[in-house]
Ligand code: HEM
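One chain comes next, on its own, written as structure tokens: the form predicted on its own.
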Amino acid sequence: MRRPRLENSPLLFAKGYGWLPDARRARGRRTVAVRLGGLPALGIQGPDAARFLYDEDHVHRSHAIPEPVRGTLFGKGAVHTLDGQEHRTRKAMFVSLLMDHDRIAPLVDSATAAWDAAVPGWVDRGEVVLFDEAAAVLTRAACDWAGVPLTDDEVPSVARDLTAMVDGFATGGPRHWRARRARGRRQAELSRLVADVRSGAVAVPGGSVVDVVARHRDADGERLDPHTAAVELLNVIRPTVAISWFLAFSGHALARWPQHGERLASAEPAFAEAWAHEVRRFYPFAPFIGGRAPREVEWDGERVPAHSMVLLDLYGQNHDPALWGDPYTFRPERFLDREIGAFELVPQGAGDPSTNHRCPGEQVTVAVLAALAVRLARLQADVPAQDLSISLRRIPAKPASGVVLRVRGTD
């Protein structure tokens, strides 16, 4: 890999999601050498590239996630920063919590119940911002399901903090510092909860997320310290609340392409799931994912020096015409009767989530998004004039207005 001299961070901040696809197009290849954060990096894309990145023999995650991301999005000491047996043991806890149908179904029920309870209030208020309301619904649902005590009065502030952690992970300035402060508040609160559960001062349902995390033992046989347990509790609850981005995108899609509304509202299971996949494919969320080469390796004819970065272009792959035919057309039908390869659709990573670093909560995201998108399509609502633009320079992107709705009722 030739060592580029120019730092690409300014281009990343200027172009956002377009940075890595543009760099690859400029070279005319799926692979491009760049420099990011002072380190040489290889930008790659495609199913075979995803297999390469998710092979621990080629790429490790430890020491790969920048401190600003650990300090906001994932938390320090999180499962995302581990490799080898340490990762597999910690990941098994998440798999047990997030990939079991008997656990996913109650979360979906909790989310739909919270949505149904919220709708009359939206009617009374006239205009609501879908992104904000979805975050509140998901916060209520996720905390109830996880066993985290939460009063109705606390929901708005907790929802703001959970979305702030996601909103500020890839930027500087006020959004970033809001994210850090939000993480500090919620980690401290959940650390106390874990300590109280262990001491018997607070009782939570047996087998709940809080109970499982409080009792978990790592590869060394030791329980997680309260801080790390709080980090991992947030790594269950925060991504669930982050589905609010996909619900806002769903509102955007229904406003842009209302012809899909009737079929979505019919609750046809296959179409609702296809809708969830297409929203995650079409709309921008994570721009890329990366790791570091533990030793010198080679990909696509490029030498990757030890300790350099490897970046998988998630946004570029989800818009690759070789995979999706018409990638810039919103078409949920593409996912009907199509088997999705483990390394093709990559909004939340690639590969086997039970063994590698792919997000184990992807099934939760699809199930909750499908259920709530149906309810969204059933709303009797108008979309007033507003700024529905989505800037690809903003990471994570979202509709500028958050999608304002005038809710009259529901079908």
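Numbering starts at 1 and runs along the sequence shown. Source: prediction; values computed, not measured.
Omitted here: the form predicted in complex with the named molecule. The next part is about that form.
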Handout entry: The single option of 235, 171, 191, 89 touching the named molecule in the model of the complex, heavy atom within 4.5 Å
Key = 235
Practice task
Could you check which residue among 293, 210, 311, 98 gets a heavy atom within 4.5 Å of the named molecule in the model of the complex?
Solution key: 98
Practice task
Consider residue 365 of the chain shown here, and say whether it contacts the named molecule in the model of the complex, taking contact as heavy atoms within 4.5 Å.
Solution key: yes
Practice task
Tell me, yes or no, whether residue 54 is in contact with the named molecule in the model of the complex, where a contact means a heavy atom of each within 4.5 Å.
Solution key: yes
Practice task
May I ask you to state whether residue 186 is within 4.5 Å of the named molecule in the model of the complex, using heavy atom distances?
Solution key: no
Exercise for the section: Report whether the minimum heavy atom distance between residue 349 and the named molecule in the model of the complex is within 4.5 Å. Expected result: yes
Exercise for the section: Specify the contacting stretch among 333 to 341, 176 to 184, 79 to 87, 260 to 268, defined as having any heavy atom within 4.5 Å of the named molecule in the model of the complex. Expected result: 79 to 87
Exercise for the section: Heavy atoms within 4.5 Å of the named molecule in the model of the complex is the criterion; list the residues of 243 to 282 that meet it. Expected result: 243, 246
